[in-house]
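A single chain comes next, written as structure tokens; it is the form predicted alone.
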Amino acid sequence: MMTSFLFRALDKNAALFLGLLTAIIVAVPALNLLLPPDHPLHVPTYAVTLMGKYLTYALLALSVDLVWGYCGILSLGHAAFFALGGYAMGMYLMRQIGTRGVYGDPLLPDFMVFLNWDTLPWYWYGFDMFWFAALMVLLVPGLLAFIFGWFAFRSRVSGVYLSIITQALTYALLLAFFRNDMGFGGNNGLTDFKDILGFDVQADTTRAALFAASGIALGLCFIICRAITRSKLGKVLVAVRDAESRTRFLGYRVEHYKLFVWTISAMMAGIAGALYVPQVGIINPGEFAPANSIEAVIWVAVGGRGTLVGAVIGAVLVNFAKTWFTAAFPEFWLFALGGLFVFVTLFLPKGIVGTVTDNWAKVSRRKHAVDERPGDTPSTRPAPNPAE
């Protein structure tokens, strides 16, 4: 049953996207590891890491599009779930350092030794095991989203009010994680990672493997999102987005549908954060910043809300532009980002993918109308004369 549910998502467009993603997952590590550095097609390790970071951002954008594009929940706090997943992975990576830290303590991370902590806090127990950390990557963001959504959706908080509350949530976590007594590194966060699953995080092979893992996670989450949105559940979500009161009047428990998709989305964002941390080498409270959540919304708007593929394209394109812009004109990036959002809102309200899809549909309808003109139909053509 689950297999058929997932395979229903694999239509022509989804298969094309997954095929392209698979080609990238295979080609980039191969060009990095198999070709010598002086080869013109060689992909340097820093580029592999950069593209891996883009894939984690694409996964974050996909999670935002699931709740915003298909359920109408404009979240301005998804950076909180992203950062929580990142901290869960960062705690595992810190526990792997052991005696190789600056202070050589086999149990306490360096920042705890520096702050004169005597014992490891209870909530750090278990993070020396990868399976436990991976479980927390899902459970911590998912549980927070479930509790938050349970109260918010049952109270019928929606629209701009819900957006403001989600932004307040991530800002509260930002302030909390800045405190040194929270036990998460305070302002500096968690960094100086050594290895993951016994492999050096700085090694080329590990970087390539993390890139591939990011691509695989993106592909799997895309299939899950596609299966959800193309099922009967997805139709109800769209109904909630377009006419919540009418959907509720028809007898659907709207808050249950919202809570389900909200929790799934938060867990996806947590996975993105967990894959992001070992590739960039640090996680700090700055990842909770509300501006990061707003930027993720811009990625979805640029690519095309309610398309899934558009969210991925928007995240990659905007972050590629950010990489180039911040290197060439660092002081103008925020102005460029704001201008891009205004331009998309005014001239591409459906985003890149939505606009292309609409234009293609118009051309197809026009061509279909021309092909079916009454004068061209077989029923109106004169019958051939057998004598001739």
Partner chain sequence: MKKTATGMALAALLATTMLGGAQAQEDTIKVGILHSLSGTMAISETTLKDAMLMLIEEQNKKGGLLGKQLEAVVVDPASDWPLFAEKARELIEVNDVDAVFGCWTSVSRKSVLPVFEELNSLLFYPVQYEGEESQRNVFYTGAAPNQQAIPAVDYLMNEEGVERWVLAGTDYVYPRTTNKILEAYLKAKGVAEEDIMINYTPFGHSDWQTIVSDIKNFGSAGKKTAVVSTINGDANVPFYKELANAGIKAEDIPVVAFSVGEEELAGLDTEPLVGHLAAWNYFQSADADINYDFIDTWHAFTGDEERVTNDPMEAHFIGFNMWVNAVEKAGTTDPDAVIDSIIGVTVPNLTGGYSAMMPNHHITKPVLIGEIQDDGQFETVWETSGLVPGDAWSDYLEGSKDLIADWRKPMSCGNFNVKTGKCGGSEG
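The structure presented is a predicted model; accordingly, all values stated were derived computationally and were not measured. Residue numbers count along the first chain shown, from 1.
Unshown form predicted in complex with its partner chain; subsequent notes refer to it.
A.B. asks: Which is the contacting stretch out of 228-236, 126-134, 101-109, 262-270, given heavy atoms within 4.5 Å of its partner chain in the predicted bound form?
C.D. replies: The contacting stretch is 101-109.
A.B. asks: Which listed residue (Ile97, Val309, Ala217, Ala208) meets the criterion of a heavy atom within 4.5 Å of its partner chain in the predicted bound form?
C.D. replies: Answer to the contact question: Val309.
A.B. asks: Is Leu35 close enough to touch its partner chain in the predicted bound form, meaning at least one heavy atom pair within 4.5 Å?
C.D. replies: Answer no; every heavy atom of Leu35 is more than 4.5 Å from its partner chain in the predicted bound form.
A.B. asks: Mark Thr119 yes when one of its heavy atoms lies within 4.5 Å of a heavy atom of its partner chain in the predicted bound form, and no otherwise.
C.D. replies: Thr119 lies outside the contact set for its partner chain.
A.B. asks: Is there any non-hydrogen atom of Ala47 lying within 4.5 Å of its partner chain in the predicted bound form?
C.D. replies: Looking in the predicted bound form, residue contacts with its partner chain include Ala47, since a heavy atom lies within 4.5 Å.
A.B. asks: With the cut-off set at 4.5 Å between non-hydrogen atoms, does Leu20 touch its partner chain in the predicted bound form?
C.D. replies: Yes - in the predicted bound form, heavy atoms of Leu20 and its partner chain come within 4.5 Å of each other.
A.B. asks: Is any part of 184-200 within 4.5 angstroms of its partner chain in the predicted bound form by a non-hydrogen atom, and which residues would that be?
C.D. replies: Sequence-ordered list: Asn187, Asn188, Thr191, Asp192.
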